[in-house]
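First, one chain by itself in structure tokens, the form predicted on its own.
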Amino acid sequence: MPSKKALVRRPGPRLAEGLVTHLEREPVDHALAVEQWDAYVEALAANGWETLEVDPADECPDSVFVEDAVVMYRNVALITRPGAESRRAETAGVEEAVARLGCSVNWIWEPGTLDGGDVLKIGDTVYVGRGGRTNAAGVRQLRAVFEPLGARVVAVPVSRVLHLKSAVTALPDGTVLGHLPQTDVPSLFPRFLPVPEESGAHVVLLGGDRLLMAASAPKTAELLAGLGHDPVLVDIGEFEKLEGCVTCLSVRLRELYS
């Protein structure tokens, strides 16, 4: 059944220590980050989403990026094994949250690694980024869990950014958005729309024509508005310093069984 629940996790006290791989480290204003997170959660709620807070993981600097801990397909939750060892303690609280919601729970096991930010679902096609955080064993294990449920799993290379969804996301009609300098092989996607800003490649589908987007992508927002979409802009600048984007700050649960 269609559902509109979103898992979120409050920024922890060690947020400024979060990992960076493709950016130079910048100071993070923790108080401002909390304000931006609150506004992000409020934007979800204002657009009809029920937000559910996952228990804090304050010892984990990156735990606010809750999407990396689980991949959802229908009512099945695949608990990840993050590629960065320092992030593996983040998954326990997320596992508890999805189990409470009645999801069927599966796991990625060693030697597999998988970050949720490497998974882009468009209908029943599941694109998986094979890069620095997700390895071939992780892709194989995801395929073994989701293909029997009707998914078509497509592995794509990721070398220019942290995660697949750092490079591309998709519009409601399935058109993939991407910033060309960050996208390895755009031709792998049937419909691809280049956008003028890196953060413009990141959208969360809120319902209807509404798209949650970063305020740092005004040109892309204008482009998408001109195509009939309704951008909802949020400032997540403190999280962008840590390679975060609008997608990784929540886990959207769209097909929970009632």
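Quick caveat, the model's predicted, so the values are computed rather than measured. Note that residue numbering follows the sequence shown and begins at 1.
If you look for the form predicted in complex with a small molecule, you will not find it shown, but the lines that follow are about it.
Colleague: Would 52, 95 and 252 all count as contacting the small molecule in the model of the complex, using a 4.5 Å heavy atom cut-off?
Modeller: Zero of three within 4.5 Å in the model of the complex.
Colleague: Please name which of the stretches 142-150, 102-110, 162-170, 178-186 has residues with heavy atoms lying within 4.5 Å of the small molecule in the model of the complex.
Modeller: That would be stretch 162-170.
Colleague: Does the small molecule come within 4.5 Å of any heavy atom of residue 11 in the model of the complex?
Modeller: Output for residue 11 is no: heavy atoms all beyond 4.5 Å of the small molecule.
Colleague: Even though the partner isn't displayed, in the model of the complex is residue 245 close enough to the small molecule, meaning a heavy atom within 4.5 Å?
Modeller: Because a heavy atom of residue 245 falls inside 4.5 Å of the small molecule in the model of the complex, the answer is yes.
Colleague: Any of the heavy atoms of residue 117 lying within 4.5 Å of the small molecule in the model of the complex?
Modeller: It does: once the small molecule is placed as it appears in the model of the complex, residue 117 has a heavy atom within 4.5 Å of it.
Colleague: Does residue 81 make contact with the small molecule in the model of the complex, using a 4.5 Å heavy atom cut-off?
Modeller: No - in the model of the complex, heavy atoms of residue 81 and the small molecule never come within 4.5 Å of each other.
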